[in-house]
Ligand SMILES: NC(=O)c1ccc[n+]([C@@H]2O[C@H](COP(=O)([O-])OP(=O)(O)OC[C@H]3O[C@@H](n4cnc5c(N)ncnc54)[C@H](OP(=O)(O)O)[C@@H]3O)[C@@H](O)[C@H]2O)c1
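Below you'll find only one chain, the form predicted alone, shown as structure tokens.
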């Protein structure tokens, strides 16, 4: 029986590559993102299910998870991949509106999806939650204060959920990719990892790890990065 997965931030970049990699392994995927046209092209390419919405709104995570349950029946895998960084700026030059926008998408939305999914997974005593974070959580990055703070917050929650989920047979993983050449960046970085490479590592090393093992934390970078 095929596994099912909900993947957020699937319109482009790592999320889009993840949907392709999962579909290639016969996982039935509901792909979510804000760009309906890009989701439609992804559906045409992979046969995945799609649902377009803005996860930054307060009710969106509950709406999305309800749609996933309705479409998939059982949600075996949740990949919280959606992320947002408004700009690079010193923290003193940012404002509360930027803080709240990044909080809504980078922390509140994945936290709520974790809570909703974990309730069902604990009841079934199976399931896997993967939070796609960043190597920004492993060092202090000037001009990315808000983004770093939110990713640190989700990292802390992920560590708690690893412990809360373990007694019930549910796997929780934190993934920290380094620099990736996606549209998330203002300029091309061909020396960075391809999103397909990031997706393959997540799928092969985390989601398709042996049943008797769980990857709690996966850190990987392009060869040009050595920031520890």
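Not measured: the values here are computed from a predicted model. Numbering follows the first chain given and starts at 1.
Omitted from view is the form predicted together with the ligand, to which the following refers.
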Open item on the list: So in the model of the complex, is the ligand close enough to residue 20 to count as touching (4.5 Å, heavy atoms)?
Closed with: no
Contact of residue 183 with the ligand in the model of the complex (heavy atom, 4.5 Å): yes
Hey, in the model of the complex, is residue 171 touching the ligand, heavy atoms inside 4.5 Å? no
### Query
Within a 4.5 Å heavy atom cut-off, is residue 34 in contact with the ligand in the model of the complex?
yes
Testing 113-121, 92-100, 147-155, 69-77 against the ligand in the model of the complex with a 4.5 Å heavy atom criterion leaves exactly one stretch, namely 147-155
Within 4.5 Å of the ligand in the model of the complex, all of 48, 127 and 204 (non-hydrogen atom): no
Answer key, the ligand contact in the model of the complex at 4.5 Å (heavy atoms) among 200, 54, 191, 164: the residue is 54
Residues in 150-179 that come within 4.5 Å of the ligand in the model of the complex by at least one heavy atom, in order, are 151, 177, 178, 179
